[in-house]
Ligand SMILES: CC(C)(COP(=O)(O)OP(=O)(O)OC[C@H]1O[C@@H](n2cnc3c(N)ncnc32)[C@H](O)[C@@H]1OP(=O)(O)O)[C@@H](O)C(=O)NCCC(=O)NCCS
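Just the one chain here, laid out as structure tokens, in the form predicted on its own.
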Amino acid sequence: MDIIDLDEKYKETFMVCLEDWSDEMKEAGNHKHKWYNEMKNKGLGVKLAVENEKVVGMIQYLPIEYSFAEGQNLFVILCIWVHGYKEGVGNFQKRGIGKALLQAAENDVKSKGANGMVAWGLSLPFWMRAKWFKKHGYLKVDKQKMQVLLWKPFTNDAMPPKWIKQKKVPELVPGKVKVTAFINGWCPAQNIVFERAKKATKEFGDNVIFEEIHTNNREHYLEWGITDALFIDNKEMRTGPPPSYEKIKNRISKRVKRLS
């Protein structure tokens, strides 16, 4: 198994987070391509774990000023993922690949003179577990709901990061249902939510307004303090894992019925 930088050979596999076998990923559109093209010259780092010419793991990270946190001279891990499904290349978890990817990313940002690496994790035992990062030397510095912000300082003068907090929610529109979809682009799962919501909205005609907010525009993100989210009127809908198209449509339908 080798750890390499992203190259053209594996670019499309990276764009679907290694799930090139998944029909669901086809719903994600080209948002990650657009995000990548914007961020690739702004310090974005991507490392891939490759075995027998198959990508089995990945990590992506970027300077903190393009992330969901505040800090100085730090890099943020957006996600780290080792393929764990039976489909595709199969299950490669619990073989030390995640640790190897993390170490490669840390070495990279150290070589760039960064003061530390930041990660986010969930307090519950599934994807991006906070406990996994703690096991590898990361310290908790902030928390919001189930999400934990962690970091590993590399220098004595490093300053800890903090979450950028949500600042507001979408306003109601009298006589209408408003669906507001925030999209950053880096996560295909959230891109799927955006596309499903946009499609569902069209079924309700003039009763529903669809508002899209692209948070890879830094001004938009700082205005809201939200990266990826779906609001129906001013109520946020849980988007992890992505709700089905029918579930989103039904939620909109319930709000539309209240208009009459």
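Just so it is clear, the structure is predicted and the values come from calculations on it, not from any experiment. Numbering starts at 1 and follows the sequence shown.
Another form, the form predicted together with the ligand, is not on view; read the next lines as being about it.
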Every residue of Cys79, Val82 and Gln93 near the ligand in the model of the complex, heavy atom within 4.5 Å: yes
Which of 157-165, 177-185, 107-115, 131-139 lines the interface with the ligand in the model of the complex (heavy atom within 4.5 Å): 131-139
Heavy atom of Lys99 within 4.5 Å of the ligand in the model of the complex: yes
Contact set, 12-42 vs the ligand in the model of the complex - heavy atom within 4.5 angstroms: none
